[in-house]
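The chain below stands alone and is given as structure tokens, in the form predicted alone.
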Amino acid sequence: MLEVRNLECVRGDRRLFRELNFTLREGELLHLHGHNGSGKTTLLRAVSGLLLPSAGEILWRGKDIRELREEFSAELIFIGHKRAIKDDLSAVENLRVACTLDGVRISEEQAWKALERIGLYGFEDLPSRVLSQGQKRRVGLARLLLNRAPLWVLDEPFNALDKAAVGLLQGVIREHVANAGVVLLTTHQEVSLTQGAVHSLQLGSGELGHV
């Protein structure tokens, strides 16, 4: 479903990587490794269509994502390591706005149920400014419970989460993969999700293998 061909990305006067190739099919997860500054976030943003690579192609269902545009965006969820939460809005309001931007219309009841499942019971209607960093992170991640987009691109999704939330999110990601979803993620944390029969890519090696 997702194919990266001979990709090259440059930041400033520094080449982060070149001739990068990998393919992900339905029901596959790719764990992206690399030291700080190796280009992990740049690669995730390029795959999500948020920046233009210096060379190479990114194909979705066999077509260049630059040609697909809105069609590709509708099949993608990108969650960056920076939270995109408005402090003046409640968790429910933030979630509904985020889903609307994703092209998904949800009811207030659906938002409440998703926030309860993600571990924010009792905090759904509070201004987001009073939430902890971990709780704000959960608000953003609740999108994963409401959007059926097949491709998830997740940049450090476990940041600021406690042990219970990490376990819950791993379950959500496993469920998505089991339902023929495709996941590309990076994380510095040791989590069971990235162990076993998953694809692993180390930036700098240009090789796709198995852990």
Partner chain sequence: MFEIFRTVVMRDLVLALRRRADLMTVLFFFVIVVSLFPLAIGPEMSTLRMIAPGVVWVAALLASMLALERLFAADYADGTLEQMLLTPQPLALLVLGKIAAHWLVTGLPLVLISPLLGLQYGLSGETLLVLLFSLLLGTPALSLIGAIGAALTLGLRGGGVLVSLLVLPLTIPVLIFGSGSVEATASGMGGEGHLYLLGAILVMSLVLAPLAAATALRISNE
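Note that this is a predicted model, so its numbers are computed, not measured. Numbering follows the first chain given and starts at 1.
Just so it is clear, the following notes concern the form predicted together with the partner chain, a form of the same protein that is not shown.
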*Spot the stretch among 156 to 164, 170 to 178, 42 to 50, 23 to 31 with residues whose non-hydrogen atoms come within 4.5 Å of the partner chain in the predicted complex.*
42 to 50
_Heavy atom of residue 120 within 4.5 Å of the partner chain in the predicted complex_ = no
*asked:* I'd like to know whether residue 88 contacts the partner chain in the predicted complex, with contact meaning heavy atoms within 4.5 angstroms.
replied: yes
*Close approach of residue 74 to the partner chain in the predicted complex, 4.5 Å, heavy atom*: yes
*Examine residue 124 and determine whether its closest non-hydrogen atom to the partner chain in the predicted complex is within 4.5 angstroms.*
no
*in the predicted complex, residues of 3 to 39 near the partner chain [heavy atom within 4.5 Å]*: 11
